[in-house]
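Before any questions on binding or motion, here is one chain by itself as structure tokens, the form predicted on its own.
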Amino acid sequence: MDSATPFNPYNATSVWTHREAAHLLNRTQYGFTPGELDRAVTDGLDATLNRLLDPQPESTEFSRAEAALREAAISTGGIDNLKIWWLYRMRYSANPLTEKLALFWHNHFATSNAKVNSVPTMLAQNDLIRKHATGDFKSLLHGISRDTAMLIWLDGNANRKRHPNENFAREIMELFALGVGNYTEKDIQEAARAFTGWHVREGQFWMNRLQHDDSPKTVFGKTGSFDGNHIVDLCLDQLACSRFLATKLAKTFVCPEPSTELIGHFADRIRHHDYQLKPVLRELLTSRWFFQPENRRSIIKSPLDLAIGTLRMLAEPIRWPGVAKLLAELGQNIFEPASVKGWEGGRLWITSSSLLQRANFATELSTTGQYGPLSESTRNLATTGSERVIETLERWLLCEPAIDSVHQELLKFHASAEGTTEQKLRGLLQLILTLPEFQLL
């Protein structure tokens, strides 16, 4: 690839097969059904991406179920019910990329109910994130700075005129907008004064003017009677902001270790689009960079990608309480990230313990139905011949034929396995779901 033009469009008119379509779907939603893959192949890259980026109407069935789960979470005040509500959205929403980006931003602006201790407040933050998930990063950053859950999480009410609290000022620079090394301790101290008086009262943002320091502050070499809105804008004005955002998006959607040169080019495109995320994502997801062979199957699946993606492919209906428990055990407990840094992911997802848990998930899904029974379309595969069922599973679950040695072992297993055709199918599923290749997007 010519590194000077990494965002030249990928030529999908000459090469667009199930492999390219599966790569796009794997990165932009949690798994896919055979029908969704076939549709993406038939429709082509542009139409598929339009469907992912443009709001799609939800089905009546989804809307009713989602509303009921949402009300159950609010009425009970149970965070476990709120987790089930969001997991249901991740699996069944007609806007899967929005849900995947909502998780991206939940991790970026990591806030935990362990401290907030309020389902309505966590839900309101989740709604805010979803509203701007593919929209304007500037509006999202401004919204988060006034978000009640964030103010509670980072001790906003302790930030007072005579005793500034630096928590939010530090995190907006270190974790939300700029990254380490792109600000000074003095910048944080001055910015903290600008956010004084940004409090919570009766569950809502409250500008406590008696506790706001309106005297001049100097941040990034500029001086003025800044308040929190000014600090957000000053952060957005820094060149480091677009590079910081480019790095996180690239690591999530393209590859684990993007080069400095490619990040610089991507940051230029983010600034060109004035932080509007939809055109940025459209360029990224149609680029030669995104479809490079070495970038496919290069990202380790998060627990959510593994669990929800696999269940979307194989199981129906899904037993959500067990899934939520599994995700917590695998280290991705939504609405309760471990720290302000969120889940760092990558190779940290894989430990000796988590590999065993991932293998147990494959076994339980294939044999016990703990997380839901195999769907009818999955069970129907058992009626096809040995070679056909293996080729179908490789194409569907691995997105491409397995290397010959693995393919031959799967054939030998299926030929020698005892039991009914469905039992043989379940054995194949268990084997494929534990392959190293299946742990990658």
Partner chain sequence: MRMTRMIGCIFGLSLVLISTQTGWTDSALPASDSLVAHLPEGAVATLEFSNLAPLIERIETSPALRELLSSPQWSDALKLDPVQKALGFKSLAEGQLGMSLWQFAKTYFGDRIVLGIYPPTQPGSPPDGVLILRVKDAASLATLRGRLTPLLPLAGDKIRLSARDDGGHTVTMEDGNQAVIRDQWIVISKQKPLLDRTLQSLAIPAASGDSVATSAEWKQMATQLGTDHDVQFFLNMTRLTGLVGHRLIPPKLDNGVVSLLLGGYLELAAGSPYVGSTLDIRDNHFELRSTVAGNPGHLDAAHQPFVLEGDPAPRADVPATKNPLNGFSITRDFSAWYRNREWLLEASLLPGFDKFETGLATFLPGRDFGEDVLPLLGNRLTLVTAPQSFAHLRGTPGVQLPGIALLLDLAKPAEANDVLSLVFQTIVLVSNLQAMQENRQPFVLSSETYRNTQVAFAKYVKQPEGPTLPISYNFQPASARVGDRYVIATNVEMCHQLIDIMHNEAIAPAADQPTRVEGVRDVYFDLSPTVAADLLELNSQVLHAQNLQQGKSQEQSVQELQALLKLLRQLTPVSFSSTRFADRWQLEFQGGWK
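Numbering follows the first chain given and starts at 1. All figures in this text were calculated on a predicted structure; none of them were measured in a lab.
Same protein, other form: the form predicted in complex with the partner chain, not shown, and the subject of what follows.
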In the predicted complex, segment of 31-39, 46-54, 65-73, 410-418 with a heavy atom within 4.5 Å of the partner chain: 65-73
Site test, 61, 81 and 116 vs the partner chain in the predicted complex, non-hydrogen atom cutoff 4.5 Å: yes
128, 249, 152, 110 - the one with a heavy atom within 4.5 Å of the partner chain in the predicted complex: 152
Of 183, 105, 320, 343, the one that lies within 4.5 Å of the partner chain in the predicted complex (heavy atoms): 320
Close approach of residue 294 to the partner chain in the predicted complex, 4.5 Å, heavy atom: no
Contact label in the predicted complex: residue 202 to the partner chain, heavy atom within 4.5 Å: yes
